[in-house]
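Coming up is one lone chain in structure tokens, specifically the form predicted alone.
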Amino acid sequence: MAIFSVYVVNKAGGLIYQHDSYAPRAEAEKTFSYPLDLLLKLHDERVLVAFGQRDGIRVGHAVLAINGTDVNGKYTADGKEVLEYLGNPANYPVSIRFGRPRLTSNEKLMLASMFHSLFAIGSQLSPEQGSSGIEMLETDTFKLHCFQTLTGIKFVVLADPRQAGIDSLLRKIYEIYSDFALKNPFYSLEMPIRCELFDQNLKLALEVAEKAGTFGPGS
């Protein structure tokens, strides 16, 4: 079982916290000699495979790491430009890890705003007044669970479809938010959450949920 991500969205639809707990993506790492037998191109600030498939590497996969150093967009973590580095024969042999492109910060902000709008649409489409809005979306690879507080804050968890105890986890995250964000004198309501104690307790709650699947009776 696995819990993939946690999002906290304010009542205006802004993303104020996001944590990736587990990345269930297929990755392939290979050592290449020069010249590289894959065609790489820059697209949406990512270096993607445009042509050539081998050993689990597919068209559309992104360069995630070079020689063990993570790649962020078109640069490595130590500041090297990916296409320029891979175009230099002196840098070979080179180990490259490929996988599904990771969401950028801007994409996460956009998706949070889109879900906020879908949540509102779901409430308006209800044939009965007082609908709670979207509480769960299900796909073949994950479930999206949402809990909205009375003040309009949304807690969203993406998890394996078989993961149990998510309703209790959502309320546990709300409890952590109340204890370590709202009671923090330096935190401003509706603003991004940057609190070490919130991070630590959230990660602990996710670990407990993945192992036990519940948070007490009735979960």
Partner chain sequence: MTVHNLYLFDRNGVCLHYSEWHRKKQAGIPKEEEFKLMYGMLFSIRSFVSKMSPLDMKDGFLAFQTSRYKLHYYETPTGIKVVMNTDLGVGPIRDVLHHIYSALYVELVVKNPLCPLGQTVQSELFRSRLDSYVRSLSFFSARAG
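Bear in mind the structure is a predicted one, so any value in this text is a computation, not a measurement. Numbering follows the first chain given and starts at 1. By rigid core we mean the largest C-alpha set that fits within 1.5 Å across both forms.
This protein has a second form, the form predicted together with the partner chain, left out of what is shown; the following refers to that one.
Using a 4.5 angstroms heavy atom cutoff to the partner chain in the model of the complex, none of 104, 177 and 191 count as contacting. Mapping the unseen interface onto this chain, residue 58 counts among the residues with a heavy atom inside 4.5 Å of the partner chain in the model of the complex. The closest heavy atom approach of residue 139 to the partner chain in the model of the complex falls within 4.5 Å. At least one heavy atom of residue 123 is located within 4.5 Å of the partner chain in the model of the complex. Using a 4.5 angstroms threshold between heavy atoms, residue 81 stays clear of the partner chain in the model of the complex. When the partner chain is considered in the model of the complex, only one residue from 149, 91, 72, 131 comes within 4.5 Å through any heavy atom, namely 131. Using a 4.5 Å cut-off on any heavy atom, the residues of 96 to 120 that reach the partner chain in the model of the complex are, in sequence order, 100, 103, 110, 111, 114, 115, 118. Once you line up the core between the shown form and the other one, the Cα of residue 98 ends up 2 Å or more from where it was.
For residue 53, the Cα coordinates differ by 2 angstroms or more between the shown form and the other one after the core has been superposed.
Relative to the superposed rigid core, residue 140 undergoes a CA displacement smaller than 2 Å between the shown form and the other one.
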